[in-house]
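In structure tokens, one chain follows: the form predicted on its own.
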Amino acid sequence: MSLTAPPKDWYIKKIARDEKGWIIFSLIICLFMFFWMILWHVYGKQNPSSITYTTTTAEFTQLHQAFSDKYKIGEDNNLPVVMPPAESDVFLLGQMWSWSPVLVLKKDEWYTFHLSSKDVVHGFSVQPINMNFMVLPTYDYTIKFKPTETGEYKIVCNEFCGIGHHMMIGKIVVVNDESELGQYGITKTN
């Protein structure tokens, strides 16, 4: 098959009526979708907040450590297990190859997640719910979060971050009250 040039003045040729109808219909759909996308962002309440702060790795690590020390209730695989009160700020730190700390949250309560990376770009994906963000070093990305179902959720890194990327799995446990901690293998030490 060889390429041939289109006939001269092909663009002047009159468009058939049915083809013109499809072009107009497609244009109307595209414009509708464009404006609906803007309206959905404002009124749909499905998009995450776009609040991002610049920070340093040392500063965020210090905030993360203070948060972990303040609300620590135990340990899981050498990671602190923390149970912050409702309406509090939660500091999650991604680093090769872990998410820290393990979070215990109460069902139907709001939390403000602060996400940052200590080293390279990581992905923050909470499974099995549809929550997926990119986490960069030197940025504090904040997300309002309200768990609506109890259970154990995994935090998966979905940005390739090195040889141990496949092992970078964190944990969020959502409970109604502290009496449910045992069924998730968490023993409160404090």
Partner chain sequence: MFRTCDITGFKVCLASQKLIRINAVFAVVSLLIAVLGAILLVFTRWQEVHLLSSPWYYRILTLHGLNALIFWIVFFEIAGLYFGSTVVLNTRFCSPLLGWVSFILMAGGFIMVDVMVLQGKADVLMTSYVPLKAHPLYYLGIILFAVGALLGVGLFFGNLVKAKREGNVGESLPLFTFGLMAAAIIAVMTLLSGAVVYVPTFLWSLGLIESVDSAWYRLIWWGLGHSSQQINVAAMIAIWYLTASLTVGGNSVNEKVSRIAFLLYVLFICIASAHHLLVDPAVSSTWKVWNTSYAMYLAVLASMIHAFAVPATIESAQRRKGYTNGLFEWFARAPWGNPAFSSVFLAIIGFGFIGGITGVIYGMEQTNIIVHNTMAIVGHFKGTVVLGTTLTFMGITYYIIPLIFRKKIVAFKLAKIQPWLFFFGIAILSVSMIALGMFGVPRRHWDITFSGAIFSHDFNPVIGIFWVLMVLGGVVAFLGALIWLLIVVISVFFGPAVNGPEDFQLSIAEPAPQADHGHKFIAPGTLVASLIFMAALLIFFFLNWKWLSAIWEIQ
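Values in this document were obtained by computation on a predicted structure and should not be read as measured data. Numbering follows the first chain given and starts at 1. Whichever C-alpha set is largest while still superposing within 1.5 Å between the two forms counts as the rigid core.
Omitted here: the form predicted in complex with its partner chain. The next part is about that form.
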item	value
Heavy atom of Val174 within 4.5 Å of its partner chain in the model of the complex	yes
4.5 angstroms heavy atom contact with its partner chain in the model of the complex for Phe67	no
Asp89: touches its partner chain in the model of the complex, heavy atom cutoff 4.5 angstroms	no
4.5 Å heavy atom contact, Thr4 and its partner chain in the model of the complex	yes
In the model of the complex, residues of 55-70 near its partner chain [heavy atom within 4.5 Å]	none
Core-aligned CA displacement of Trp36 at least 2 Å between the shown form and the other one	yes
Rigid core fit then Ile169 CA moved by 2 Å or more between the shown form and the other one	no
Is_shifted Thr148 between the shown form and the other one (CA, 2 Å cut-off, rigid core)	no
